[in-house]
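The data below hold one chain only, encoded as structure tokens and taken in the form predicted on its own.
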């Protein structure tokens, strides 16, 4: 439970060296989330940045498995880690392991709302570094990597740790929340050659610079001296990159964005646009070393242009989900892994995303379960029923939107929607709260009472229930 700092490397690689299993976890969660993760993983030790200790102190339930907590701080008097580090033996024997031994876990959100421990082998980082970092990005020891995605993400741990360490390159670590201003400062200060971001951040960075240009009365020169002049490649993943955003970025900074798709289960990107072969709006083509196929509900491959479920095969695939046999069997089908993404291939061999086969929402590159957001809203006394779906913002990026049926005592008002947003913000991680709340007379359901979120994803014109002007 550590911020992006050098000690993260020491704990992660040190644990693997002695045969222990490191499990990086999201540092933007709540005390209840951490209680679940500690008890589900049965972790005996917690390595934590001092700033995050209050979240652990706020846990109300029991932690029957946790035995030790190592706090990382600059204050030697308060925290014993630095003293122990300075007096430790320089010799550490390596546990006798092989490439198929369990190396580490990463937690992946699921459609049920409960995160799943995704178990990776020690070989997975080698595979993604060789296939994507070296063969697609051409990464060498002369590169400097800057990742907006943090080290606890599969995307971020590849960008900021596995990739640069695989070739002896440098990496820039940022323990603070990535904002447009802070990212531009890091770009200017450290002059990275590869920048890894997500579409939401790329949009925010463009808006930030365009606003600065207007205020300063200057016209941008994509060939001039700007914060990205050292960058040879930008990479995007986590959610689909809108075509317009790609063109705006290229026009403003003169640097292409390589959009791709990856997953926690595959550890990093396995389909991507590549230097000299970019189709804006698409996810690109298979990364060398990975095989893909798109199948129908019967498991048969579909023809080009037809939408089906994307399956992937590669040596970076996770071994299984911790304590979740049913999900392991339904997702990891022999050599193939079911991504849960709907895709089609065009005549040029480019892969295009067509949504999800479940109701999960990707927000700023992080999975959000609608069930979790709905459960939070239902605890508010004014909410009788609700349903949460993904909805595009003004830049075409997906964020949560809630449809709420109020109780009889409450009717629609601007105050109610704002009150519900604040309720969600106070009880959920910030990226999970619904950006829009729409009051509706009813939620569409199937004959068996199951929410039909797909009907709510339709446009207001085509929607099958009458919605008020809210």
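Predicted model only: the values in this text are computed from it and were never measured. Positions refer to the first chain, counted from 1.
Beyond what is shown, the protein has a form predicted in complex with a small molecule; the following relates to that form.
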* Asked: Is it true that 148, 204 and 209 each have at least one non-hydrogen atom within 4.5 Å of the small molecule in the model of the complex?
  -> no
* Asked: Which of 127, 261, 136, 383 has a heavy atom within 4.5 Å of the small molecule in the model of the complex?
  -> 261
* **Single option in 318, 373, 154, 361 placed near the small molecule in the model of the complex, where near means a heavy atom within 4.5 Å** => 154
* Asked: Within a 4.5 Å heavy atom cut-off, is residue 343 in contact with the small molecule in the model of the complex?
  -> yes
* Asked: Does residue 356 make contact with the small molecule in the model of the complex, using a 4.5 Å heavy atom cut-off?
  -> yes
* **Distance check, residue 237 to the small molecule in the model of the complex, heavy atom within 4.5 Å** => yes
* To do: Evaluate residue 324 for contact with the small molecule in the model of the complex, applying a 4.5 angstroms cut-off between non-hydrogen atoms, and reply yes or no.
  => no
* Quick one: which of 327 to 335, 90 to 98, 239 to 247, 186 to 194 gets within 4.5 Å of the small molecule in the model of the complex, going by heavy atoms? -> 239 to 247
